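The data below hold one chain only, encoded as structure tokens and taken in the form predicted on its own.
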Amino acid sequence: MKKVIFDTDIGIDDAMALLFLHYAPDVDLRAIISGFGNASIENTTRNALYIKEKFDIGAAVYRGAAQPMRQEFLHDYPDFVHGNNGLGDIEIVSPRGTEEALSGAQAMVALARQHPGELSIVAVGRMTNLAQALALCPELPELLHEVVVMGGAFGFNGHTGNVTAVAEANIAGDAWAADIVFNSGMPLTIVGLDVTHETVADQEFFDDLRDRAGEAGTFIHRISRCYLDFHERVHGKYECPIHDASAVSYLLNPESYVTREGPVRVVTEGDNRGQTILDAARIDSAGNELKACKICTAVDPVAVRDLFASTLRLAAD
């Protein structure tokens, strides 16, 4: 049983990933930590509380970072992708509960100290919460079992950036935090656009969830309309990549992925800010050893879609 913290800027694909975790039999979801990104911190925290209550999720909700480490890099929220409320502008009932008193970073540290060597963090938003947790607890990498990040792009399978020619949104949204996290020595795997753009969900996929995955499937079908509309406008096809749920897929079944290992650096300045680079060198110019990450370079997309769909169908039981 995996003890999991879900670090998320809850938009549409984040909600899909959260329900994937919730219904996975081998997951003990301990915390949901919100963050800015797909929507404001107010909206993502509200979305986390709303989904927690709607689907009776036992995990506590903690409010995370409201802005990047360098505030001048905060941009408008992508309401053209996720809607104004972050969940495709479906009607949302105001949650009855509130978030916990600890901040997101404080909760990460507290849980890691409570369960040394046991926690998995699935991080599918900006890396700000993780960077703040490292500042509070420099020994955090030694306390964690694993960290799975959805973010970045390395050029494998022809996939580069989705917010610029070279940068992916989660990393570009706080490049400074990402560079800190990727070089921290955490046992970290990056599930980037190289594989998430290879794993595509179409109308038939979402219709099947609606028909066979109970209320969870109906909910995902509803919020996906806005997401699919965006991708049709941009790419001309009524289908979308499975981004954040791919990080959950790796957590549950890493055998569906091919990985490479090496130091990863993030460009933090200039036009290429947010670009992720797999560095062949293990020693930097100052003689310091660079920490290694795993990155996903190939995927079995059928296995990922099947695992996601079969797990969500448990919601109908």
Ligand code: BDR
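Numbers for residues come from their place in the sequence shown, where the first is 1. Model, not experiment: these values are computed from the prediction.
FYI, the form predicted in complex with the named molecule isn't displayed, but the following is about it.
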Quiz item: Hey, in the predicted complex, does Gln106 get a heavy atom within 4.5 angstroms of the named molecule?
Solution: no
Self-check item: Residue contact check: Leu193 to the named molecule in the predicted complex, 4.5 Å heavy atom
Solution: yes
Practice problem: Evaluate Thr276 for contact with the named molecule in the predicted complex, applying a 4.5 angstroms cut-off between non-hydrogen atoms, and reply yes or no. | Solution: no
Quiz prompt | in the predicted complex, Ala169 touching the named molecule (heavy atom, 4.5 Å) | solution = yes
Practice problem: State the residue from Val181, Ala133, Met150, Ile121 whose non-hydrogen atoms include one within 4.5 Å of the named molecule in the predicted complex. | Solution: Met150
Exercise. Name the stretch, out of 216-224, 89-97, 238-246, 200-208, where some heavy atom lies within 4.5 Å of the named molecule in the predicted complex.
Key: 238-246
Exercise. Given the named molecule in the predicted complex, answer whether the residues Asp13, Asn38 and Asn162 all have a heavy atom inside 4.5 Å of it.
Key: yes
